[in-house]
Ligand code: GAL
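Only one chain is included here, represented as structure tokens and corresponding to the form predicted on its own.
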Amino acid sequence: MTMLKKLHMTAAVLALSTTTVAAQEVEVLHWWTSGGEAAAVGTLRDALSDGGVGWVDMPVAGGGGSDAMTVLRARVTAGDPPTAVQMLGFSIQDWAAEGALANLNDLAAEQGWADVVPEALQRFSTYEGNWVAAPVNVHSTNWVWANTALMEELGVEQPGSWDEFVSAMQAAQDAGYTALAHGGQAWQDATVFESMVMGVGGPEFYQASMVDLDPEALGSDMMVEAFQRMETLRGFVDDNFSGRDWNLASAMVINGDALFQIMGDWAKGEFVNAGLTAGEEFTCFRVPGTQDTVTFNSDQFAMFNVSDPAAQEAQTAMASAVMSPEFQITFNLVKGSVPARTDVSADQFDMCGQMGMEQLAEAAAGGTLFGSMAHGHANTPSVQNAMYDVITAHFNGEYDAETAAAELVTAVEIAQ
């Protein structure tokens, strides 16, 4: 942890007396509760401890964060907001619009955040020109995680097309393995679905349907095909998938019980936490058909308005620690994501991390970087939840593909 001792706090924080700083603490609401995620949280807790700031942990289990947002709403309604909250995308904007978030402009200007945070992330870190959140990382969601020993046993090469992907899963199923590890939760279904949309129609179709919410795109033949691909995937999922947490699905691949998992790169944290090495015991590749695009979400910490000066100083210390280049490297090495800053070196990252950083830069430069629908970066929470309902109902067999596309049009129209 020597790297953590080098974290740069702001001059204002460093100038505080030891007695004052020791009295500071941040209450942090988050949903990082799996093994790899908890290890990543530990790096932030240690960084703040080194700066004399205490950490009051408030974890709320649930990979998509919906349960955490319910708890947050109750706390704010009761007039007792946490000092810092893990947030995604449009949720940050919604809370900022309510006037609930603290202004981080002074710290952002002092540390030059605008020069190192990609504009696609600043879209969610700022509100009406004011910094209201500090981005911890960039996750991309269109990944496949694979057990390399199982691939070798089955004679499976890394698939580059949808048909090759299906053939590989069929080989696993025929050999008695689970072809696709999956957890039957709405946000997991949606994570898979957005890659099917991108794979079927490419960037223009994703933009039209998931971001612009064009009714013609939502109800199109290409959307029907995306749902049909979900039906194909459903045939490769084991019978016990319902309600399974995402990290337990990752464990199926880690343990060699399943061949593939479609999941964001937070899954890599589970592989790393299990002692596995990218390119050796496991590998990563983009969902076939989405190789030239990146769908992303970014974990950010929003600071809520608090009146206590000590709490405000602790918030500043936390935001400063989060944005430190050293911390961004340390945290993301453990978490599986890539830094939110563009000025950090990729040298310490593994094969998947370096690939993710390179592809993120290429997508940002080439206009193929898109906010994740499943993770709150493509549309508002009300629309996202409406899509969740249709996608999950279809995956559970309540609709056929044609009906699901029609229901998606209706659900989005009502939710807007």
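No experiment lies behind these values; they were computed from the predicted model shown. The numbering used is simple: start at 1 and walk along the sequence shown.
The same protein also exists as the form predicted together with the named molecule; that form is not shown, yet it is the one meant from here on.
I need the one stretch from 361 to 369, 49 to 57, 348 to 356, 32 to 40 whose residues put non-hydrogen atoms within 4.5 angstroms of the named molecule in the predicted complex. That would be stretch 32 to 40.
Taking 4.5 angstroms as the cut-off for heavy atoms, does Ser125 touch the named molecule in the predicted complex? Contact check for Ser125: no, nothing within 4.5 Å of the named molecule in the predicted complex.
Is there any non-hydrogen atom of Gln315 lying within 4.5 Å of the named molecule in the predicted complex? No, Gln315 sits far enough from the named molecule in the predicted complex that none of its heavy atoms falls within 4.5 Å.
Flag Asp299 as yes or no: does it have a non-hydrogen atom within 4.5 angstroms of any non-hydrogen atom of the named molecule in the predicted complex? Contact check for Asp299: yes, within 4.5 Å of the named molecule in the predicted complex.
Ser195 within 4.5 Å of the named molecule in the predicted complex, heavy atoms: Taking the distances in the predicted complex, the answer for Ser195 is no, it never comes within 4.5 Å of the named molecule.
Given that the named molecule is left out here, which of Phe236, Trp187, Phe282, Phe227 has a heavy atom within 4.5 Å of it in the predicted complex? The residue in contact is Trp187.
Pick from Ser324, Thr293, Gln86, Ser91: which residue has any heavy atom within 4.5 angstroms of the named molecule in the predicted complex? Going through each option in turn, the one that passes is Gln86.
Can you tell me which bits of 256 to 285 touch the named molecule in the predicted complex, meaning any heavy atom within 4.5 Å? Residue within 4.5 Å: Trp266 only.
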